[in-house]
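This document opens with one chain alone, in structure tokens, the form predicted alone.
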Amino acid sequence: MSQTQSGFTKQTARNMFYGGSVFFALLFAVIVFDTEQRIPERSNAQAITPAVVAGKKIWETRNCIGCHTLLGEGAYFAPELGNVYKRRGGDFIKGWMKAMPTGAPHRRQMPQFDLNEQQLNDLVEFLKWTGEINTEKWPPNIEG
């Protein structure tokens, strides 16, 4: 009387492992390729101006990301600024920056960076540009 094996054999398990690994590696490659193809149309790179570049430098040198998030990246101590231009507008942003710190008791305070008018304009241009990047509706709430 011969016995038949039932269930998975080592060979079947090995084939499933290698086949699944190849399938998901190919799937990952396709997703990466598709994403790379979409970046130019979503990045808003055509709108980068010298003012946007100068504003990004201010953002970086003042370590704004140490408190704020920008498109979901950064610290969560202060509000998301990826869409702040759409929420508040350039004049509000400049007025807010000039008024800090307010000295309101029991509130987190933003430091005073003593930016001149050109630096404020550049920072606003950077935040405006950032708000025009196609983020697939991120953040999902207009208030960040």
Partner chain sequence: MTIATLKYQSQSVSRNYFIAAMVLFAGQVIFGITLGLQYVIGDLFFPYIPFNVARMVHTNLLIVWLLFGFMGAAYYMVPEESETELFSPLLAKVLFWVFLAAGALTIVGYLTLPYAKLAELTGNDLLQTMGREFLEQPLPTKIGIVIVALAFLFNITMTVLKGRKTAITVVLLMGLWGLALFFLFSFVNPHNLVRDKMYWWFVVHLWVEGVWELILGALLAYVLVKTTGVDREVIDKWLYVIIAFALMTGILGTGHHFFFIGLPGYWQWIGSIFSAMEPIPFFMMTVFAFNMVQRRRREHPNQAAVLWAVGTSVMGFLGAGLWGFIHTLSPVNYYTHGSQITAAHGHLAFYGAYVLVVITLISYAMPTLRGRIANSQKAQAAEMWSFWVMTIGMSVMVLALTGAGILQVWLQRMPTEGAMSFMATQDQLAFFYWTRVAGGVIFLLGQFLYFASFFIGGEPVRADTVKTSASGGVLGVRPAQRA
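Residue numbers count along the first chain shown, from 1. Keep in mind the model is a prediction, meaning the values are calculated, not measured.
From this point on, the text means the form predicted in complex with the partner chain, which you will not see here.
By the criterion of a heavy atom within 4.5 Å, K86 is excluded from the residues contacting the partner chain in the predicted bound form. With a 4.5 Å cutoff on heavy atoms, D114 does not count as touching the partner chain in the predicted bound form; it lies far away. Although the partner is absent here, Q118 lies well away from the partner chain in the predicted bound form, with no heavy atom inside 4.5 Å. At a distance threshold of 4.5 angstroms between non-hydrogen atoms, A51 is out of contact with the partner chain in the predicted bound form. Along 107 to 138, residues R107, R108, Q109, M110, P111, F126, W129, T130, I133, N134, T135, E136, K137, W138 each place a heavy atom within 4.5 Å of the partner chain in the predicted bound form.
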